[in-house]
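The data below hold one chain only, encoded as structure tokens and taken in the form predicted on its own.
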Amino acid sequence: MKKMLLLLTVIIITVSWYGCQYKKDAEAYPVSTCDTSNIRYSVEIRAILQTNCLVCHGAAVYNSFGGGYNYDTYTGILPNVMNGKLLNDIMQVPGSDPMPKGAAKLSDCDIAKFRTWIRNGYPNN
């Protein structure tokens, strides 16, 4: 009987310790809610541009505020996507022109969406 009680106690302690350990791991590594499985220029990329970029790089203001870069259209953004400038700027790589200027860096999720779109060949979809 004492052996059975001792075994039961060891099992309960082991399960409790594992449960606490799992909770610590879950808190240290939260589940990401960033979905980069289906990134489209017309939906996800365009929304990020509208929220963060077009105030300076929109069709009406890009020559005065946006350094001559018009991101209001796919063809306008394409050269800076192809040469890596856009990604370097939004990732704020040393030596680049950190964007968005005068605002917080884009979220890791938004940057991941750009990376995925570029890795997929920056389709105009």
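A residue's number is simply how far along the shown sequence it sits, counting from 1. Please read all numbers here as calculations on a predicted model, not as lab measurements.
Just so you know, the form predicted together with a small molecule exists too; it's not on screen, but the next bit is about it.
The three residues Y71, N80 and D97 all sit with a heavy atom within 4.5 Å of the small molecule in the predicted complex.
The closest non-hydrogen atom of R46 lies beyond 4.5 Å of the small molecule in the predicted complex. In the predicted complex, the small molecule lies farther than 4.5 Å from every heavy atom of I39.
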